[in-house]
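First comes one chain, alone, set out as structure tokens in the form predicted on its own.
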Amino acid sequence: MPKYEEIAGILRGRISDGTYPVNSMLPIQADLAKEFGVSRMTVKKAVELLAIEGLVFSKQGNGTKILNSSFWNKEDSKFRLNNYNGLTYDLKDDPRTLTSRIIEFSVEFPSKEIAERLQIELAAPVYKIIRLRLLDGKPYALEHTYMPCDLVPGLDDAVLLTSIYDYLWHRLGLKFAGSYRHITAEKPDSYDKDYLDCQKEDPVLQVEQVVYLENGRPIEYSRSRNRFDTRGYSLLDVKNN
């Protein structure tokens, strides 16, 4: 995890537990940089992340104010549109237990659509992964994921049953540059009915995603499927004058 994300997590916890009360001012960036032993730029990135989340508001010359963030207590707050850290990371502070069930894990040649999304040749093998994610044993999300085999060596069942992203970060040392997401409402397919207990007319939230490495190569194309009543996304748009 980047240092600025680690610092943002600590500051987020202090806001949550009242160490930094609503309407108080966040310590100045120079003091935070000294506390955490990092540069002011690192602290600045951490504070910018909190601002995106709606936890603080910064204005040049006036410092950084702690906002009334009660609306972020909603379930949707865990899933920000600019996050691509994986479900395990998104739910790391959730008291419920996240587990995985492997529905399908195979190596195959990609379809034309998958090859285009991953920017690979039709003859380049990919992992096809379908996982059911459960919270306290209840179906939560159904993930259809494709990854180029050459970028993710050693992927196996043990990794799929825990966190793929943790494996990419800490075992393979990969660094992400960003992601593209496309969010739509869909009708349930046979997988949704079988594994998410969707009824024929239940709408499904689909998050289609491509994640890119720092060198520009896509490492993941995925479609996450959720029942309409289990997950949502939040976006705060702040205009800085």
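Keep in mind that this is a model prediction, so the values were computed, not measured. So that there is no doubt, residue numbering starts at 1 and follows the sequence shown. Under this definition, the rigid core comprises the largest set of C-alpha atoms superposing within 1.5 Å between the forms.
There is also a form predicted together with the DNA; it is not shown, and the following applies to it.
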> Any chance all of 27, 42 and 45 sit within 4.5 Å of the DNA in the predicted complex, going by non-hydrogen atoms?
Replying inline: yes
>> Within 4.5 Å, heavy atoms only: does residue 199 come near the DNA in the predicted complex?
In response: no
>> Contact with the DNA in the predicted complex for residue 38, defined as at least one heavy atom pair within 4.5 Å: yes or no?
In response: yes
> Does at least one non-hydrogen atom of residue 184 fall within 4.5 angstroms of the DNA in the predicted complex?
Replying inline: no
> Are any of the heavy atoms in residue 190 no more than 4.5 Å from a heavy atom of the DNA in the predicted complex?
Replying inline: no
>> For the interface check, one of 176 to 184, 54 to 62, 203 to 211, 190 to 198 should have non-hydrogen atoms within 4.5 Å of the DNA in the predicted complex; which one?
In response: 54 to 62
> Can you name the residues of 3 to 25 that have a non-hydrogen atom within 4.5 angstroms of the DNA in the predicted complex?
Replying inline: 3, 4
>> Given a core-based superposition, decide whether the C-alpha of residue 58 shifts by 2 Å or more between the shown form and the other one.
In response: yes
>> Using a rigid core superposition, assess whether residue 194 undergoes a CA shift of 2 Å or more between the shown form and the other one.
In response: no
>> Rigid core aligned, does the Cα position of residue 205 differ by 2 Å or more between the shown form and the other one?
In response: no
